[in-house]
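Below, in structure tokens: the form predicted on its own, a single chain.
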């Protein structure tokens, strides 16, 4: 197919990463950045790239094939993705695992009615890790799944903290418990609770006059984010946060431990180590935007996940090239 024209909604860390990722894909063109902020206040890295108000999208006629939604999962994407799926083909990185079924249903209804194609929960988890969990289950049907995240900064969890009243800024680290990871690698197939696999560590800058105790209470009891984990909250200055926590590393492991029919132990392990969580996530989003454009060209509407997308649709190479060089 020809060039895929992309729009970016939201120019935070993820939106900036999408802008960079496009530079490495010759068949993808970035048409515009759309922002809820005053466009005059947004400085992009690409020369002559238009920055438009988000309201410009409401016409449904912006010259884009796919709109990548770069908002947060806590409050942005549950509203934005169904709304824009009624107007454009869209990709989002919604990562609140417990709420994916309801998010899928809302987006599916909007996209089917409009004849658009939507891909939700795209990135590395959910996303690439989801695919590896699926493959492990298929290959070793008698076994157990284990997913460990970190050590790294979670964009979604950090965003959720920043939405709390009284918080000026925040970064949250997800930290795997090494003893639990090694127990899985031993092949013993342990039964581990959420709390036994990870710690969460939060570094929070308060606004003037904020109640630290109340902010901490809201963090450690937040459903789907912190309530099932041992969570430590540190209150620090903006200067300390900028100095010590400005990088965005992350990564993790997906493991499937099981046995063959004869009782032989097998372990599948897939891992990522990322210097920049948002830049890597953005690379995944851009690849799947190419796939969404292809699915839409084939007349496939409604919501999809990474489970529904043929791997070849992610690539700019044609089938012959893939078979010759990657198979």
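Numbering follows the first chain given and starts at 1. Think of the rigid core as the biggest set of C-alphas that the two forms share within 1.5 Å after superposition. Note that this is a predicted model, so its numbers are computed, not measured.
From this point on, the text means the form predicted together with another copy of the chain, which you will not see here.
Taking 245, 112, 162, 185 one by one, only a single residue has any non-hydrogen atom within 4.5 Å of another copy of the chain in the predicted complex, and it is 185. Shown without its partner, this chain lists 32, 57, 44, 284 as candidates; in the predicted complex, only 284 has a non-hydrogen atom within 4.5 angstroms of another copy of the chain. The shortest heavy atom separation between residue 311 and another copy of the chain in the predicted complex is within 4.5 Å. Remark: residue 155 does not count among the residues lining another copy of the chain in the predicted complex, judged by a heavy atom distance of 4.5 Å or less.
For the chain shown alone, residue 131 is a contact residue for another copy of the chain in the predicted complex, at least one non-hydrogen atom being within 4.5 angstroms.
Mapping the unseen interface onto this chain, residue 305 counts among the residues with a heavy atom inside 4.5 Å of another copy of the chain in the predicted complex.
Note that among 66 to 74, 260 to 268, 47 to 55, 34 to 42, the stretch whose heavy atoms approach another copy of the chain to within 4.5 Å in the predicted complex is 260 to 268. Shown here without another copy of the chain, the chain has 275, 276, 279, 280, 283, 284, 287, 288 in 275 to 290 lying with a heavy atom within 4.5 Å of that partner in the predicted complex. Comparing the forms between the shown form and the other one on their rigid core, the Cα displacement of residue 183 reaches 2 Å or more.
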